[in-house]
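Shown next as structure tokens: one chain only, the form predicted alone.
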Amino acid sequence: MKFKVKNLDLLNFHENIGCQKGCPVGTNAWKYISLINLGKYTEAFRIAREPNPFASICGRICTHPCEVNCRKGDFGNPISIKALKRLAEEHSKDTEPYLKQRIKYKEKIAVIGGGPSGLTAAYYLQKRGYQVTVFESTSTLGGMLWLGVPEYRLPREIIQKDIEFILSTGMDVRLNTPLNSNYTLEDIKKEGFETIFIAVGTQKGKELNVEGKDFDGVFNGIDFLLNVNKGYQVKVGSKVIVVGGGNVALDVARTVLRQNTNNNNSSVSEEAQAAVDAARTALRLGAKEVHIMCVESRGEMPATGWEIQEAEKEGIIIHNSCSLKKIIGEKGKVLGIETLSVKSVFDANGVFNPILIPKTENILYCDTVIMAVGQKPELDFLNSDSNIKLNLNGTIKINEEHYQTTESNVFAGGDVAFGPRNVIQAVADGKKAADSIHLMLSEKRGEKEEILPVKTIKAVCHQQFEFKPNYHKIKRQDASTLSLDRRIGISEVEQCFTIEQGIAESNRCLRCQIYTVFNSDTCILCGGCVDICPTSCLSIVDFDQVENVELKKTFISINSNKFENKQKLCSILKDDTQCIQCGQCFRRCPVNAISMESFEFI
């Protein structure tokens, strides 16, 4: 049997820290979890916010790819990283904003769009010493965070908190300044902006070209959310069908349940009405029935599992594997929809290509249809003479490594370049674009600047943290949710961890940044570490069984003097996927050949 092994280098150490590797902005999640464990919430939140100026928001609505990559998930359930970030934010005493940044460079930079990608780019460019001006078409910053995400998922004071932190760097902001055919990129360039970053998002909802789409009672999902979040009253009927299976469709459906549609209180429970009377600002329940219809099966729905479960708890009925054939109506008003069953959604290559089952027509009766089937950007300000090219789906074509468009001084990122994604990816785009813009301008100034993907700080840390007894057996803590009878209006559904929950959950973390390092010059191959390892992640094998040739050369050159009597060479192999950083091997070694060291990547 042959063993395939890797050389130990910084890349291996970095890959072993799953949460940080999985985060698009490289957040040191393990570090703020360790600080939470010590009750140091302010320091923890500063660590979370260092690579991400939208840390408060991400503590609530991030899709948490860090948890998907968390190695604890290989042994059961991953750490509740998003919930711990929110705990740090809510208990942080850090109220001091950044001081206004000193302007070091003469180049003026324009950022088009005040959403998460645009504001992130502006934030990091301003911190570097550039004067940045943000052009925002609406009266508020935040983009779809403010206009598209319902308040029961993301309180507006949380958005404002992150935006105020970003603005404290001193950037200029021009609200109510949309780009269009009358005010274009060329006009901005004439104002002296040498470099432009376009981050206008995808704030226009797509439409399905189906029969009946112009009936009264048919709404576009994005328009619906925009109007509700702007405070306008949107009239819907008593039975609503939302078409679509993504998070926008879920947001629409759950928002409908919270809408005030008429002056009759009979559709509101007594408990809900009491809460409305007490708060005076909550919206009454509107539709009696809300349905979601989508082409995907339950397992294929693009919406997150948590959102689907919460929607069903609230009484929303989901119809999977259905395709909209047409909207039916009478006298110009909606009566229902006609559907066909879906056999499959994706072809053999994974491309979206639904196959419908003939003669499976079915009618779902309703008086309101809300279409939430996707989003697209509005790029009216790019006229026919523009050098900026578009992709076939209407997004801006860019070099995905440097975020440059087909016009060298114009960059683009976020949804306008990649299509609708999520907030943490938008933040990552803004951050990477800021680096690319800085590199380009540095080269033009004749300066040599290098952006390193990671740098490392190494320190012995086995004495800095002691694992709790049976830490690997502690059950995952999940954030509580608001009871169903209180889910009205803008009441936030997901609640914050208690201090006790946070401590328990932080105790579960494996501290994957702590790496077991072996000193081959000291090791006597006694096998004590192998015997005591509780997960059998260590083994001693004949060196002829090792396949990595470069590693062999290194090992033989280091150990040739130790085996003058031509004893058989052996090596200790470690399976990082099974290691739980318990430190048993370190404590067992009789010659101190093993150390546990922390590798911090920034």
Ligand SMILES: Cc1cc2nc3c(=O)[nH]c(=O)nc-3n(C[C@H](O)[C@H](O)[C@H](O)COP(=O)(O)OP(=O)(O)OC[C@H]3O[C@@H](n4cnc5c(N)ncnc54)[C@H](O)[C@@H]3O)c2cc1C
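Predicted model, so just to flag it, every value in this text is computed and none were measured. Note that residue numbering begins at 1 and tracks the sequence as displayed.
There is another form of the same protein, the form predicted in complex with the ligand; it is not shown, and what comes next is about it.
Although the ligand is omitted here, in the predicted bound form all of Gly114, Gly148 and Gln375 have a heavy atom within 4.5 Å of it. Checked against the ligand in the predicted bound form, the candidates Lys206, Lys189, Arg421, Lys239 yield a single residue with a heavy atom inside 4.5 Å, and that residue is Arg421. Just one of Lys72, Lys127, Arg156, Arg153 comes within 4.5 Å of the ligand in the predicted bound form, counting any heavy atom, and that one is Arg153. When the ligand is considered in the predicted bound form, Gly201 lines it closely, a heavy atom lying within 4.5 Å. When contacts are judged by a 4.5 Å heavy atom cut-off, Ile222 counts as touching the ligand in the predicted bound form.
Residue contact with the ligand in the predicted bound form: Thr63 places a heavy atom within 4.5 Å of it.
Interface membership of Glu505, defined by any non-hydrogen atom within 4.5 Å of the ligand in the predicted bound form, is ruled out.
The stretch from 346 to 354, 520 to 528, 137 to 145, 327 to 335 that comes within 4.5 Å of the ligand in the predicted bound form, counting heavy atoms only, is 137 to 145.
Looking at 158 to 194, the residues that come within 4.5 Å of the ligand in the predicted bound form, counting any heavy atom, are Thr177, Pro178, Leu179.
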